[in-house]
Every structure is written in structure tokens, then in C-alpha cells.
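Taking the form predicted on its own, here's one chain by itself in C-alpha cells.
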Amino acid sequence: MYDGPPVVVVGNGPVGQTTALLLARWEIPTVVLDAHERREAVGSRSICQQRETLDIWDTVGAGRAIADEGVTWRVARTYYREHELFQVAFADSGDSPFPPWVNIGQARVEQVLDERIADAPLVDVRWGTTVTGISQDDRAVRVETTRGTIETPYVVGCAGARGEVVRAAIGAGFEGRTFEDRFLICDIRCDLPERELERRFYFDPEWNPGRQVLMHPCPDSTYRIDWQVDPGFDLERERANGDLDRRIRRIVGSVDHEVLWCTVYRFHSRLATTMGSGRVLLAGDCAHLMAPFGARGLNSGVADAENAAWRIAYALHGWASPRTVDGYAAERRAAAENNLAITTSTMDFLVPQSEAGRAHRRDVLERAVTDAAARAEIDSGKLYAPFRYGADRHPAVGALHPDHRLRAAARRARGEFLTHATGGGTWVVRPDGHVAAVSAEWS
């Protein structure tokens, strides 16, 4: 059993919480540092939790609670004005106990993960502790904080977009762009006569002409609504003059409603020039920022946490070479590049930055009303799916192993990959569920 100093996790948001809980599952102690004095539950934020993310949380005892409390949805519809253009239906996958998508606010996810941390003696959370500097050599990392210095074998930076200190420790830039277009986001509680449990995306509806609206159902009869708004939008003025109420009533009608939270956002597309060097790794928003259309932010951050945790655990237990940790940066940066390419393409269609781009979007949407082929050109957000780590030796290599119950042919010992013999060959599965190799000769 590992008996060395704890791993340091910088940032106690959901990615940092997941990292610490996964390391604890591997019997690795952690110290979680966060500059905030306490947890602050603010708005819905990242609401769409994907099946494989729930699977990861389930390994630390949180997936079932999050799934049961959240709202399950299986259909995503896209509209242009009054016309429904198409819908995407998400099917169940194999023997997974979880649905394709569950909507639940980030604040509630954090509460559930906090409950698991409270029961995890290997996780030491230190609020009100600001990291002021990080340095490393080939033996350890020294983390300077406002409450002293910590020496640790590894640091996982989950400090969000403002994690400059962690990025600076590995010389990582944070390159990309900011979209100047603005979006109003509101959490609204109301009882609609026919509560549709599905995602709806509207191009150019009559109640937001020339712009977009996205609507998601959430628990407790609440809805998350995102409006694209004009560059001069003033939320406080809109509250004061009644325009916010009128904006909401164009969607919910005359039913009583309560506004729980509102904010105005600009979206970013940024990626750290490296996601890891030596003993310091970056995860979640500390490593990549992306527009939310497609739910690729938190879901990919949780996948970062899982990749980092098993690699660090295997290195510290001596089950694998420390070089195993080096593979994190290449794999997860490739995943981030893929996610950013997809979300940036979505934003370029949603909020084109040139008159030619706007004319193209109008043309595509107009044609799509009667031409099914044109609908393939519409990008209202390609929803997250786990990244397949590039490998061309076999169609399955690099992908997640399919969900099904493993029988006697499967085995796993501490420090070993899982092997699963089937009629199609033997599959070697990594601790994070990705297929490392497939060989018919081994079966």
C-alpha cells in the first residue's frame, strides 16, 4: 500500500472533487486546496451530465444519486422559426445502468460529491488556501500556499480558467479566442401544462428574432434557458423595466414562474499549450475552455480526472513506470483539441462573425425547412461523447469498452489491466475503460 505524501489537487470544483475521490478509490491520499472560503452554490452552470460521466461518478459512490435526482432526457429537437427541422434520439447503451443524459445543476453535483468526500478519510479539503507558486524537480513538487509549503509527488491543477499559477508552473500558455456575442442564461421555476423532458434549440424564434434560444428541463420543475442577446444588453435595466419578465413569458406563457438565477456570458475557446509536464497536470477548465453548446466542458473535465487518477495511482503504487503519467498530456490534449474544434465550429454557425457567414446560415436554415439534405449542414451543438484515443491497429482500440456484464472470462488483479475473452478475440481494457488492445490470436 502506498504510504508516501498525498497528491495535491488545486481547485475543489467538480473536476477537482472527482480527481480526489478517484485517487482515494485507488488508496492514494490527497490534499485539495481551494482559495474560496467555502462552497458557494451559484446557478445551474454545467447541467448536462453524460452517461459515461455518471459511470465515472458511480465508481466513487455518486453516480446513482446524481442520476436519480436529475432529469432524464432522450430527445434533442431543433427548430427554425415555427418549423421543427429534426430531432436526435439517444438510445440506451448495452447494460449501462444510466440513461444517455441527465440534467442536474452543477451546484447540486458538487453537494453530492462533497458528501462522498466527507466519507473519504484519504481526502483532506483545505478551503481558504491560495496557491502562490509551484516548482518541481524529478523527485517531487513543492506547492507554496498562503498557509505554508506542501511537498507532494504530483499536482493536478483543477483551478478553473483562472489557474494561472498552475499553468505557469509548466510554462503553459492559454491560447484561443473569446466570442464577443453575449448570451443571457436564466434558471426559471414554473409548472408548464405539458412538461417536455427534452432539449430544444430554436433558431430565430418569433420571441427572439434573428437570434437563438436553447431550453433544457431540470429537476424541481425548473428550466435552464439560454438566449442570444444583442451586444448592448443590460440585465439590470431589463429587470427594472419589465423586459425580462416579458421575455420569459413569451416562452412560458401566463403561468406563474420564479426566476432563480440570471447572468450574462461571453464564451471562450482556449486550450493550454500543454496539459502536463513532469509531475504537474492540468485538468478541466484549467486546461481548456469551450462554449457550452454540446455539453463538452464538465463532461470532458471529468474524463481528464479519471485519466489522471489511474495513471498517478499506478505510478505511486509501483504497478507501472512513472512514465505512465506522461501519457496523460498527449491523450487528454488530443481530446481537448477535438472538443474545441467541434464547439468552435458550432459557435461559428450559431454566431457567424461575417456577413457572408450570416448569409450562409440564413440560406441553410431556409432550405432546411423543405430540404432534408440541407439539415445536415445545421450545427446547433454536437453533443459530447467520450474521446477515442487514436489507434489504428483495430477498430475498437482506443474506444471505451462496450457496456455489458463481464463474466468468468474477465479478470482483474490489483495493478493489472482487465482482459476479456470473447468469440471475437481477447480485449485488454485499461482502468479507465478504454480498450488498450484486441487480438484474435489471444482468444
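None of the values given here were measured: they were computed from a predicted structure. Residues carry their position along the shown sequence, with the first being 1.
Keep in mind that the form predicted together with a small molecule is missing from the display, and what follows is about it.
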Review point. Candidate spot V7, V31 and R333, all three in 4.5 Å heavy atom range of the small molecule in the predicted bound form?
Key: no
Review point. Applying a 4.5 Å heavy atom distance criterion, does H401 contact the small molecule in the predicted bound form?
Key: no
**Study point:** Touches the small molecule in the predicted bound form: R296 (any heavy atom, 4.5 Å)
**Key:** yes
Review point. For V131, is any heavy atom within 4.5 Å of the small molecule in the predicted bound form, or not?
Key: yes
Check your understanding: Is G284 close enough to the small molecule in the predicted bound form to count, meaning some heavy atom within 4.5 Å?
Key -> yes
Exercise for review: Heavy atom within 4.5 Å of the small molecule in the predicted bound form: which of V88, L192, V165, L260 fits that? Just give me the one.
Suggested key: V165
Exercise for review: Just give me the single entry in R388, H36, R64, H394 that has a non-hydrogen atom within 4.5 angstroms of the small molecule in the predicted bound form.
Suggested key: H36
Review point. Picking from 338-346, 151-159, 73-81, 320-328, which part of the chain touches the small molecule in the predicted bound form when contact means heavy atoms within 4.5 Å?
Key: 151-159
